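Here you get one chain, nothing else, as structure tokens; it is the form predicted alone.
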Amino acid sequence: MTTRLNDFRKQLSQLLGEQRFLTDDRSRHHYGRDWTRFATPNPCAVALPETIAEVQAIVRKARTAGVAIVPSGGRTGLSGGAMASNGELVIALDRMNKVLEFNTIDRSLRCQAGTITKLIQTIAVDHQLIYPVDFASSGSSQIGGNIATNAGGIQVIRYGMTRDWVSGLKVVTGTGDVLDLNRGLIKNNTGFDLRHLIAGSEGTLGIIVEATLQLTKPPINPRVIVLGLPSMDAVMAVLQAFRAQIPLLAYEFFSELALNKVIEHQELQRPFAAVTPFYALLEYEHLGEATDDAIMAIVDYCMTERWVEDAVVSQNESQRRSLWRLREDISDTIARWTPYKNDIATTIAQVPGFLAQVDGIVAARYSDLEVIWYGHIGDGNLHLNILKPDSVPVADFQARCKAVSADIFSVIKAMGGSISAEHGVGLLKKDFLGYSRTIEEIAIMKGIKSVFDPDNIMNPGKIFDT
């Protein structure tokens, strides 16, 4: 250990105390990783600040010592964006977890960045409102990480992405300065909106320490229908049939293999007796008998067209939640196989051709492996998960999948799509950034980073190398 690093660690230990400055192996391993398993965590230490002033002090000391920083939220990321593998200091926001203000008039909530997403959702419901950005990891993810990755989830088709609900941000930059961005305003047309630069920046521009979130009225009596589909082509045909008649809250799809894994490991029941290659889950507002009539008419039409083979509709809240688990429990269920994840997207209109081309590559290149399809098909986002056999070393498996990803991403590039729809770029996808971004765009992104973080200490090596 160099003298400078040793001095740095002593300074942080004095600032935070032994309970909030951690150097033991267990803590470094726990805080130095996210849900990915394709890199080994190796941070120099973990800092657990409780105030914005402490975050500023830590960043300034790290800058002076030349120590890189990895911001850490709930560590639920899927692209290696929160991995600390090269002796970085992890700044974990776990203790900055307070809801600071609830504004009934503005329908807004101000909180620290370490606040668990589910707590925000619960508080909103207590006030007859909702925070509508929802996903499987909301019970453990933190709002700062959600914003840093511009998280999407299951209701993007109705409510959009995380950045659409952020009306204010406080951010500590790589120089230790605090930016108070937009301050909760609904309308503010005074030059560049830096708030939207921070959303999706994956901690490379600064550390989100506080957020003001907008809330909205909840949907009326939401219900779920699960449909059994004979083919991928039917997935989009059914979407078009329903969207023409019913405003949807969500439109998800998953494969029979995904359903099998969830049923086997989560002790759930099949939605109906029929076994079909794919399933669609739709959520909508139930406004009375007219809604029932419209839903049944669409289902009958889809069955006549042979796009649907069977269907079940939730009749109460318990059934709705059970049906949702068939889709939402997939990610947690398959985590035991260390899946290689492709989080890919194109415009909704291009999805049928996109599906056909990607499925062709998958069938040819992964014929000997289990492949789990699911995703937010209503907004053009597919999750393609390749399950690692127990007998195959992680490094070999990753190398094989990375080679196949190049072929898949070539299709995405040709269609003007995205190699990462909602999980971010992080470590795992930065080599492929050029498939979604031009050379000119990447150069501008690097230039922006140099302004926010002139010494390149904020999550270096994520998204791109500088």
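All figures in this text were calculated on a predicted structure; none of them were measured in a lab. Heads up: residue numbers just count along the shown sequence, starting at 1.
Missing here is the form predicted together with a small molecule; even so, the following discussion is about that form.
Counting any non-hydrogen atom inside 4.5 Å, which residue from Lys170, Arg320, Arg158, Lys341 sits next to the small molecule in the predicted complex?
Looking at Lys170, Arg320, Arg158, Lys341 one by one, just Lys341 meets the 4.5 Å heavy-atom criterion.
If the cut-off is 4.5 angstroms on heavy atoms, which of these, Gln357, Ser331, Thr175, Ser141, is the one near the small molecule in the predicted complex?
In short, Ser331.
Tell me, yes or no, whether His376 is in contact with the small molecule in the predicted complex, where a contact means a heavy atom of each within 4.5 Å.
Yes, His376 sits close enough to the small molecule in the predicted complex that at least one of its heavy atoms falls within 4.5 Å.
Report whether the minimum heavy atom distance between His423 and the small molecule in the predicted complex is within 4.5 Å.
His423: contacts the small molecule in the predicted complex.
Give a yes/no on whether Arg75 approaches the small molecule to within 4.5 Å in the predicted complex, heavy atoms considered.
Arg75: no, not in contact with the small molecule in the predicted complex.
Using a 4.5 angstroms cut-off on non-hydrogen atoms, would Thr162 count as touching the small molecule in the predicted complex?
No - in the predicted complex, heavy atoms of Thr162 and the small molecule never come within 4.5 Å of each other.
Have a look at 203-211, 106-114, 285-293, 382-390 and name the one stretch with heavy atoms inside 4.5 Å of the small molecule in the predicted complex.
Within 4.5 Å of the partner lies stretch 382-390.
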